[in-house]
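Only one chain is given next, in structure tokens, and it is the form predicted alone.
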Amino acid sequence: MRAIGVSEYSGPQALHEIDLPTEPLGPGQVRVRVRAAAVNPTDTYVVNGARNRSGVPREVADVPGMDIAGELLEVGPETQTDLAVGDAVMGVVVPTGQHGAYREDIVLPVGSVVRAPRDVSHAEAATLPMNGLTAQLALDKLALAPGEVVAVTGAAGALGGYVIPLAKRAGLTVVADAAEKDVELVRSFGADHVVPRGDDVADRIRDLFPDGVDGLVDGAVQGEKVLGAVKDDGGVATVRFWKGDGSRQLRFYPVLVAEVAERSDWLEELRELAEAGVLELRVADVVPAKDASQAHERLAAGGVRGRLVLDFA
């Protein structure tokens, strides 16, 4: 079975094709023929070894990837689902060792897989699960009330493109950052206010909201540079395990998508919102799986809008 992984931890050039055995299928699981796998920044932590917290090289290759789309191949025994073999599906993967999304055949818990949105390509469907769940979880942890204000950094990115419409749907006021070339894009997501991105973004947000915002989703991973935008006792959702610098009375919520990887109800909601046009599925480019290293190089160079997607067709 063809996969893309790393045998040595390094940069994008370490990615290469490998041959792996198919995973066994057990109760409560389904098997998916992967047609597309999104390339996310978190995938780089598998490639460079940061996810291997012991620091000890593995005897087998590590396979990155958290988003898949394809066709349902098989339903495990004692598995309750309305999915049928042949359905177009999407799913979220919690990568461990060889079990990552960059493989053409994968076994997942049934709760991690739902039907793909109607009338979309496999590549488009693959952009939704992980980033969509991350956006939902960030807003769920912040637990802001309708009418309150949330700030979003990295708003033009894949995560921001889901956080903003979900926040608007929840009745929140959204202030987001953007480079000049991305202002109209971020407005199209539904942002009420757009400020210039950069190290002084907290000051720009305070110009609009002098008392500070109620919550922040720090998709740009600016950390302490943006905390000044948030009012005392406000909430900050972070996406790189960061729990704050201890300098202020803020509530920090590291967002770990593994916590909700089997929330099929949330995945179903994401599918419905994509079908309704509330969420835009943005594909920056589709790249043959064998060229995964090139996709990672493009990701590292920055400026990608939407997701690069690996094609396993």
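In this text, residue numbers run from 1 along the sequence as written. Everything numeric here is computed off the predicted structure, so don't read it as measured data.
Below, we refer to the form predicted together with a small molecule, which is not included among the displayed structures.
K.L.:
Go through 63, 267, 274, 257 and name the one with a heavy atom inside 4.5 Å of the small molecule in the predicted bound form.
P.N.:
The option sitting close enough to the partner is 257.
K.L.:
If the cut-off is 4.5 angstroms on heavy atoms, which of these, 159, 237, 174, 108, is the one near the small molecule in the predicted bound form?
P.N.:
Contact with the small molecule in the predicted bound form is made by 159 alone.
K.L.:
72-80, 164-172, 214-222, 111-119: which one contacts the small molecule in the predicted bound form at 4.5 Å, heavy atom to heavy atom?
P.N.:
In short, 214-222.
K.L.:
Please determine whether residue 93 contacts the small molecule in the predicted bound form, using a 4.5 Å cut-off between heavy atoms.
P.N.:
No, no contact at 4.5 Å.
K.L.:
Report yes if any heavy atom of residue 134 sits within 4.5 Å of a heavy atom of the small molecule in the predicted bound form; otherwise report no.
P.N.:
Looking in the predicted bound form, residue contacts with the small molecule include residue 134, since a heavy atom lies within 4.5 Å.
K.L.:
Would residue 305 count as a contact of the small molecule in the predicted bound form, using a 4.5 angstroms cut-off between non-hydrogen atoms?
P.N.:
Judged by the heavy-atom cut-off of 4.5 Å, residue 305 is in contact with the small molecule in the predicted bound form.
K.L.:
Taking any heavy atom pair closer than or equal to 4.5 Å as contact, tell me whether residue 197 reaches the small molecule in the predicted bound form.
P.N.:
The answer is yes: residue 197 has a heavy atom within 4.5 Å of the small molecule.
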